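Below you will find one chain, with nothing else, as structure tokens; this is the form predicted alone, and questions on how it binds or moves follow later.
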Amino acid sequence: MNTQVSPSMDEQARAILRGNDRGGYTVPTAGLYPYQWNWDSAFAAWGFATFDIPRAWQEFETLFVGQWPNGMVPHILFHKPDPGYFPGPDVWGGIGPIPSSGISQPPVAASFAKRVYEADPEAGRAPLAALFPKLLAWHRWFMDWRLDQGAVCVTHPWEAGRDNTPDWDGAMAGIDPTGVGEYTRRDTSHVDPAMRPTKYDYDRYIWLVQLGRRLNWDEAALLKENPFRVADPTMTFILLRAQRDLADLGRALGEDVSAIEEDIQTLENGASTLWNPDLKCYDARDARSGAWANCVSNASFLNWYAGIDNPAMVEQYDRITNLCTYPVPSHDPASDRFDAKRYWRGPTWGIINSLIAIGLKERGLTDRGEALRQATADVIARHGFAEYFDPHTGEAAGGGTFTWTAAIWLAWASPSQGAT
């Protein structure tokens, strides 16, 4: 491929971050996502750090303004009213200090805070010192409320960030959304419905939100009553990496990190429970039924990012990347559940690619990591800063002028700034 890249791509990416800035936080993209999203913001901070480190720290600070008393950091913070989005704060009924959703998202913040800190340790020491106990409390919440056999569970498909992945099909089938009521989706007015979750999915998403609100987001009650509880590679591998990075940050600040090191061991043991021996891959596991999802997803390949080597995963990775032009697809193209344009059922996501590639390079699989960086740079250069891409054609899909795609361009994919 090796597409010629215009130097103006870097400036376009910076312009997207500035354009999506709402004063201390970024929105993923105007219209479709008008609020602050948790893991989107952490990626944004990584991008901002390439040209404005104080603004990068501000992104984290604003995100943690919404942290709940129990340590949870919500997946959406509703800083300003926007009637064009559903479900909004009136539906969620969050119990935090500002209007928010009632679930979290993959905790990439510590890992990107480490990168921002390392870019300028002198400027970063004070903001890191303020952020560290908040990160610690968030990670503790995961360890207290989201583990099954040491693997991290999601309690709503939105919590993993991979909303409609086939990984959830089994658990979703066990939900009867009768009584969910009428509602009007807003996402399909911004994006082609063929690129979004179906009504079948959405009914169950809203049913789970209503359950959480009815229980006033009480974690102990949800642990008993919520039928959707899936041990997930996304969450497990990302939290494991985040704990490793948080320990490094703690050591830089002179903190005692022995409890974090114990959590790392717990999560390493938990990650082993996600190995599906028949699939020969890391897989999602329904914590209620024990059933495997039998899905090779892009999240499966985050094992290297988490610091876990597995030769069988190299074989899986090579098989998957040989099935498409622009890897890594969010679901196996050889599967009958693959859909090249429907959100997390097939499309390629630059953000996950960046994490996979970082892991590949760190574990010595350098050629594969660099090839993935180049493929991601090529698809962005050819098709723009889209939310996600068709893995076969590279066609842009989802929202446009997307914050996290611009961010990973600046921090990782761009020829001028791309270094993991």
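Just so we're clear, the structure is a prediction, and the values are computed from it rather than from any experiment. A residue's number is simply how far along the shown sequence it sits, counting from 1.
There is also a form predicted together with alpha-D-glucopyranose (GLC); it is not shown, and the following applies to it.
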{"item": "is_contact(Trp39, alpha-D-glucopyranose (GLC)) in the model of the complex, heavy atom dist at most 4.5 Å", "value": "yes"}
{"item": "Asp163 within 4.5 Å of alpha-D-glucopyranose (GLC) in the model of the complex, heavy atoms", "value": "yes"}
{"item": "Pro391, heavy atom within 4.5 angstroms of alpha-D-glucopyranose (GLC) in the model of the complex", "value": "no"}
{"item": "Contact test in the model of the complex: Pro28 vs alpha-D-glucopyranose (GLC), heavy atoms, 4.5 Å", "value": "yes"}
{"item": "Glu59, Phe112 and Trp412 all contacting alpha-D-glucopyranose (GLC) in the model of the complex, non-hydrogen atom within 4.5 Å", "value": "no"}
{"item": "Interface residue in the model of the complex among Tyr326, Trp168, Trp304, Tyr343, criterion: non-hydrogen atom within 4.5 angstroms of alpha-D-glucopyranose (GLC)", "value": "Tyr343"}
{"item": "Selected contact from Ser101, Gln105, Ser300, Thr348, since only one has a non-hydrogen atom within 4.5 angstroms of alpha-D-glucopyranose (GLC) in the model of the complex", "value": "Gln105"}
{"item": "Listed range touching alpha-D-glucopyranose (GLC), judged in the model of the complex by heavy atoms within 4.5 Å, from 355-363, 368-376, 64-72, 39-47", "value": "39-47"}
{"item": "Heavy atom within 4.5 Å of alpha-D-glucopyranose (GLC) in the model of the complex - qualifying residues of 376-409", "value": "Glu387, Phe402, Trp404"}
